[in-house]
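Have a look below at one chain only, the form predicted on its own, in structure tokens format.
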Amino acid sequence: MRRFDIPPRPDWPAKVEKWGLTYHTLGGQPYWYESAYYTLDDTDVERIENATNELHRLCLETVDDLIRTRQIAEFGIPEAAATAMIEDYKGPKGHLYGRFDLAYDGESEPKLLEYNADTPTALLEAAVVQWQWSQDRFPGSDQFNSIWEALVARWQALSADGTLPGKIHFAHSDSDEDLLTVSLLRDTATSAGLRSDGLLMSDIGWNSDRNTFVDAAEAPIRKLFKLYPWEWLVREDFGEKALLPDMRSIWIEPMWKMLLSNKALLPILWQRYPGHPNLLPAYFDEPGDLTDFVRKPLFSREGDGITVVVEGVTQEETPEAEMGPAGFEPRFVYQAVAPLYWTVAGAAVIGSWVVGDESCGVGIREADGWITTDTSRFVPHLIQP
């Protein structure tokens, strides 16, 4: 793994906007950053791919055991939602995609930082924009990136097994990033031969006579992809309808995915698989024997509320903007500091994509310091020839 500086294309904003990346600049600074690129060799790709598949397997085993034994109190999920999730898990378990955030220094085994399994974004950048950059800048080059093809194949598989008959509604919040993420997913579903409609989360209604969610035209919503966190949804009055025992909608991602996007997963995995080469030591409520640690709220999103401590000194912290849902008592996990890939530009984190149950590509985010946030740079990569 190596980082190289390179002059950006003179017309790069227009180039990336052509492929939908309208949020390429944030706060006057490039979010899409093509003044550099990373290279991965075959060993890097194999390590990341194997680690991703292994971590996904461990996560699915853990979810299965936790739900089967009903041991999910550590996740801070409301009782009604926990009951609904357990019942929902008995039905179709079709899931679409997720993104592991991995620490990888180019030498040791990749380490799990967190699993964005419910509402992962940075998909357009990873699946489309960096591929178009590579073919424009380095024609014929290769990249660890079969995300688009994997999504099309996954939709086809979900359709073939009966999980997704008929039309799918795709819903998102009112932001450009969410809209474009959902648009990409709709395009892959269309390529797989499925029909879809798009709408805002705020446009979803409830028809009490038919006991079902409906769209703006009062058409029933039977299958819904929602780019909206389950931990928010289950605590809203309207969202409580999703917990009704006779609800017939199929949700993507399914309700059990909220266990995987919760930071409580980190110490639970360490308890179950202590010393695993792809895991970092992690504990509830206190750092235990860790002198270098990262404190994370259970419901932290996009780097909010994170504190990094090395040798007893706070190195960096972010505001506590998303400590958790309303009425939830903040709780923290403590995770060992990871061996990141550092350059003069800062620290790189690997976003490793899973579609279905298979690793299929990466996107690399670069922060000035320790903590990756929603404004940290996205830097494209190539496979070293």
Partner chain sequence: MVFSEMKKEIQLVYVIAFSSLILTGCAGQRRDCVDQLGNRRPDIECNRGTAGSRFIYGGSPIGGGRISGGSYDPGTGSRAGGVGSSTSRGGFGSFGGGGS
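Positions refer to the first chain, counted from 1. Quick caveat, the model's predicted, so the values are computed rather than measured.
One more form of this protein, predicted together with its partner chain, exists but is not displayed; see below.
- Of the candidates 315, 83, 159, 196, 196 is the one whose heavy atoms come within 4.5 Å of its partner chain in the model of the complex; the others do not.
- Residue in contact with its partner chain in the model of the complex (any heavy atom within 4.5 Å), chosen from 275, 166, 140, 91: 140.
- Heavy atoms within 4.5 Å of its partner chain in the model of the complex belong, among the stretches 69-77, 266-274, 281-289, 299-307, to residues of 299-307.
- Within this chain, residue 220 is remote from the site of its partner chain in the model of the complex, having no heavy atom within 4.5 Å.
- Though the partner is left out of this view, residue 106 does not reach within 4.5 Å of its partner chain in the model of the complex, counting heavy atoms only.
- Although the partner is absent here, residue 153 sits far enough away that none of its heavy atoms falls within 4.5 Å of its partner chain in the model of the complex.
- The closest non-hydrogen atom of residue 99 lies within 4.5 Å of its partner chain in the model of the complex.
- Although its partner chain is omitted here, in the model of the complex none of 59, 62 and 256 has a heavy atom within 4.5 Å of it.
- Residues are counted as partner-facing when one of their heavy atoms sits within 4.5 Å of its partner chain in the model of the complex; in 193-215 these are 196, 201, 202, 203, 204, 205, 206, 207, 208, 209, 213, 214, 215, in sequence order.
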